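This text opens with one protein chain seen in two forms, each one given by itself as structure tokens under the names structure 1 and structure 2.
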Structure 1
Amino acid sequence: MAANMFVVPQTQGTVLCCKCGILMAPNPANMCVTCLRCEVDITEGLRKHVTIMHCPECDCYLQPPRTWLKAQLESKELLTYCVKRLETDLKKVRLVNAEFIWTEPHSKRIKVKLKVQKKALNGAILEQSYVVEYVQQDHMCESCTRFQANPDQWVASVQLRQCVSHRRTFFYLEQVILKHDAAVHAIKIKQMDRGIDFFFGNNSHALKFVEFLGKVVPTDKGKRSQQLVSHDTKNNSYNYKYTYSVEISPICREDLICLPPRFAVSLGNFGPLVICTRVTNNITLLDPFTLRQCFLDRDQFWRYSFKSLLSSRQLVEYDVFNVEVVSPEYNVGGCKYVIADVEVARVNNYSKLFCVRTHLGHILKPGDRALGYDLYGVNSNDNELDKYIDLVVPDVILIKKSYEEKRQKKRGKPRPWKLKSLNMELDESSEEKMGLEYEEFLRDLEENPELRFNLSLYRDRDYQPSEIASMADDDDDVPSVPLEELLADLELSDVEDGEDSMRE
């Protein structure tokens, strides 16, 4: 019915402003805007001068009572902070717009122009802009003060240890930490004998780091100890220094392990002599003769906490004479294995020929070199092995193929990729030994793609492939890192100095 009604068009009349008498359209106050503005000042009672605290060291602003906000001059964060400081005032009016007015950076003044709306007399809504001036007072924030007083001051530390004679795990761990930026909050990192110490300014950072470690390597739960530093009797608060002691399992890749009898039985008569093929936060064990694989997570491992029988330092070189494939190719957890009977002899003692079964039938050919454990000649002092009465111990267990000869040709040739390193305080006494181990670690990376999975390898800009190398590349037996896996390095001017440190 409303649609059919005839509605007279209404045009707005004009009225005289009750104060100044100029013609204007009627509004709720019936005063022209100028008169209204003279009459009513909606910014009355709002603060026009505010003091804010600024830390000159880290360029942060204090948000009382305790938070420090990092913000650049004339940035969005600073504008949000300035408006937030006026929160109580802005409850009375409605904020429409806020922007900065330029001030000299050294003047320690920040000016913000705010546009506000408020209901004036008779229901008219008035809009007005006004300028608020912030005086910046310099005041060092607590973390900077603490740092200034004692730069080495730490609150929590994590002591990471592994009771093995090599540092392969720590090289690998260093790369994983770099990839995930887990040690970003660490104040200091110190290399110790058989481990690394990390120092943090905050207990929660240390806890987070311990959790991170538990996810990448098989560690135990970690023990915590605390030391009382100071005690405020008035408000009953205590200041502690915390130390977390974390131990990594001594089982490493390529280790030969003899499992305790009860454990072997609980896994379903898993052959007591096993090789460890992979260590992440789980340990992967492979029985080389039956190609059975087993995963141990850290709780299971630390319940039995066995040691390895022989580790990669005790690997011996063998020459392969004859290979007889016994089984078809099996795919065990992503890796292909073929069981074969081989005839091998030690490189420095050709007199004795061993006929052994091995799982490396897929890569070994007569004339190859292989690395393995010499159980015939070794004198092992292991409790677990003694418990097995009927065990037939093979003479040799082969672990991997050796590319040593081919590497001789490439000796001294630079690699096309490089790794970054953590900012560590090094232990000077063991530098030379570390150099060799690092070289082995790099070779390990080249040979094993699954190791590289968790790390970031960067393209070396200084690498120039020489002519000789291109000729030798025809025989491409030597595994190397394919170019697609390399990351282009970010060129930041103040990146850490260790960029070019390939420890030679």
Structure 2
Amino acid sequence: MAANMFVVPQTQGTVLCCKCGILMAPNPANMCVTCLRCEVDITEGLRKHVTIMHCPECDCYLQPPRTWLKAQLESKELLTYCVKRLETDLKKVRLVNAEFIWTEPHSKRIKVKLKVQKKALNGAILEQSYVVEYVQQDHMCESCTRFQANPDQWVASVQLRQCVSHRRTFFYLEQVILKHDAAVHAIKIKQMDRGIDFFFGNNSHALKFVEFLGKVVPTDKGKRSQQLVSHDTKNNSYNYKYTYSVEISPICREDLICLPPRFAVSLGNFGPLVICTRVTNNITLLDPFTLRQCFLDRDQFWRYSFKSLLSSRQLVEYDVFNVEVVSPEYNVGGCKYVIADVEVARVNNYSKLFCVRTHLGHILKPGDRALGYDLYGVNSNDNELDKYIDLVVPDVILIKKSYEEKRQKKRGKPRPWKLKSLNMELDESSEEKMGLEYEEFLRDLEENPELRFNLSLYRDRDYQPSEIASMADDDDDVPSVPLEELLADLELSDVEDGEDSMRE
């Protein structure tokens, strides 16, 4: 276009408001915004006050008719819940925005500011904001009401058992449950002889817990029983109490096992004398003479259902006099092993020397002590072992290196880490025995990095190392938990968990 060409300026037309007469931009209603709001209220007929039911015990809100929703103050879940309570009103208008207005937490009032749009006179779209006040009325939900009336009243229980003479498996399982919050719905946990009982207020929570147990330990399929509590003949409804009996495999880590002949042949002539090196949802077996490894799932184990020949409670301490390496180092399942011929003798009896083959050649040296099973002097009544006629049973099978003599110097000294524990009713009659077994479990955690891989260890804020203790620790080779593995960011406050929930 030419620079000197005449251009007609564009101007926006204005009209007079039919009410107040001021100049304004034309719109379908021919009214200014102020007059339009005075004439038309698009929030008319919409509820400004709503009553909601709130459970003060579990901090849940009732979603009619019977659903309880857990939500925190000023959370996205609570805002969604508040808006849904106005679902019938919001069909008349278009919701643009919703936000909370701050109120005192103890005022039992929740205020939400809503911005809505609606067509007004002659098709004009009007946008308006208004505040809805929600009044909380305390009303306990069914589960909290049942628990308050009788804390011992439960709907489903899980009876977890293991037929062994120690509780090392339950100490490990307790830490796994805490890490995954698997027992968060349990209303009561009680320690029993050779097991733990978990009580739940809902049958679905118990089923979910049984499913979790099958993923972390080798359990059987479980047995279910139910007892009729009440029956309403009018609506034909029944109330039951459910009980789930779950048994954990009696095979534990460091156990010596004699495999049944048929099972050993099915595994390619594996064993038959093997050591259990790891227990998760599978059982890991190791032949200490050939370094062959085998993994058993729970279906394979319960099909043959064999038992341990000797358990960790029967370990004997030996002194190591000579070590002769036979093979190079092998990596089996992430662990390093070296086959060696070792001369050992019982700590309290040097009259008999044993020359045995072991898989611990990479950590044993003359002068060390080792823990093993004395097959020379044990009286075994195992039926599976008697089926092997030509089997040459070794005199000693070494399991692990012993640090008991070096730990005597550190006895009574605190550890720089702690573990959480479940809120459980303990059996006071076996408190002393449990203390010794729990100390053995803590030592196992220090000696085995694989064992603490799936657990959460927390730094002890009250631990104050001394210079003498640190110098003594540098001189010996006693295993300990590195500080890098401790959870420093997730410190456990005494206010939340209580000092009683910690065990050293």
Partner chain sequence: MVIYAGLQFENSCEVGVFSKLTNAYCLVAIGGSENFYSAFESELADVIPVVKTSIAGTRIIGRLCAGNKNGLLVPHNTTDQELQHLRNSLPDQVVVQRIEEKLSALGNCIACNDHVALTHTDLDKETEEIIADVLGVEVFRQTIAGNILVGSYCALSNRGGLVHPHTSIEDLDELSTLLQVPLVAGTINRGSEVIAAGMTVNDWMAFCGSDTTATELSVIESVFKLREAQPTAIVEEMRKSLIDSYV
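What you see is a predicted model, and the numbers here were worked out from it, not measured in a lab. Only the largest set of C-alpha atoms that superpose within 1.5 Å between the two forms is called the rigid core. Numbering runs along the sequence of structure 1, starting at 1.
- In this pair, structure 2 matches the form predicted alone, whereas the other structure does not.
- When two forms of a protein are overlaid on their rigid core, residues whose CA moves 2 Å or more are considered shifted, and Gln136 is one of them between structures 1 and 2.
- Once the cores line up, the CA of Pro26 ends up 2 angstroms or more apart between structures 1 and 2.
- Remark: with the core as the superposition reference, the CA shift of Glu39 between structures 1 and 2 reaches 2 Å or more.
- On the core-superposed pair, the CA position of Thr103 changes by 8.0 Å between structures 1 and 2.
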